[in-house]
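Before any questions on binding or motion, here is one chain by itself as structure tokens, the form predicted alone.
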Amino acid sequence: MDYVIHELKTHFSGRTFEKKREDLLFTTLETGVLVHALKHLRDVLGFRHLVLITAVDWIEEDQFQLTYLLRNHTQKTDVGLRVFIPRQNPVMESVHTLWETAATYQRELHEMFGIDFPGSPRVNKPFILEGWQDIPPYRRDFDTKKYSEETYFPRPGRKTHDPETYMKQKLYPDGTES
């Protein structure tokens, strides 16, 4: 994986590198170089398989983290490229021209997080939330409990728990958190 680190440092100013395993590396890049780095990894270094694109809502930092995971089947190695975009008006360049499957991931991220990928095929068409009118449900400011209470009225005999309190009781029954 040292050759990948060298390439990303040399050509794309990779800032941090985390070797999670001998065959798995993550780095964080500026958004402006992401597409070039993905293309370089695919065309020069053999990372031809886009495994996934995923997002994390870092609401405290007012940004989303996008992670693009690539696989080199010959070397049996994976590289994850991370970029951060603002939560307000989140837009990222589409990579559907590099991998057709990217359009599906981008469509899902658009629907679940509200991240826009201009030019991505069918990105504005409903993916699984047909008729959804609320804020995107994977954003951390989406109130799942409130939505459930408003959408699914209480059923007789069923007890409802506050999720945060309930999980603390399950994880720390003696009341002490580590």
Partner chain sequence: MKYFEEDRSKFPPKNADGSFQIDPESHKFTHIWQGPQHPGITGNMSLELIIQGDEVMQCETHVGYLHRGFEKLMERRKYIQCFPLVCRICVPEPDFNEYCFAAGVEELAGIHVPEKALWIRTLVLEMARLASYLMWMGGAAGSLGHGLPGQWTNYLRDYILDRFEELTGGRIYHMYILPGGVRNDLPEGFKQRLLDVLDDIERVMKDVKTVMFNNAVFKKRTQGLGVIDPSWIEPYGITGPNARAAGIPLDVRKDSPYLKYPELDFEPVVGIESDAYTRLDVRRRDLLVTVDLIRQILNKMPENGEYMAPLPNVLNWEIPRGETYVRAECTRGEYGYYMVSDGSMYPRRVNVRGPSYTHAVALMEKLVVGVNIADVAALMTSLHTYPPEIER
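Positions refer to the first chain, counted from 1. Just so it is clear, the structure is predicted and the values come from calculations on it, not from any experiment.
Another form, the form predicted together with the partner chain, is not on view; read the next lines as being about it.
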property	result
Contact test in the model of the complex: G114 vs the partner chain, heavy atoms, 4.5 Å	no
Contact of S94 with the partner chain in the model of the complex (heavy atom, 4.5 Å)	no
4.5 angstroms heavy atom contact with the partner chain in the model of the complex for E30	no
L45: touches the partner chain in the model of the complex, heavy atom cutoff 4.5 angstroms	no
Every residue of F17, L34 and F64 near the partner chain in the model of the complex, heavy atom within 4.5 Å	no
Members of 111-130 lying within 4.5 angstroms of the partner chain, judged by heavy atom, in the model of the complex	F113, R122, K125, F127, I128, L129, E130
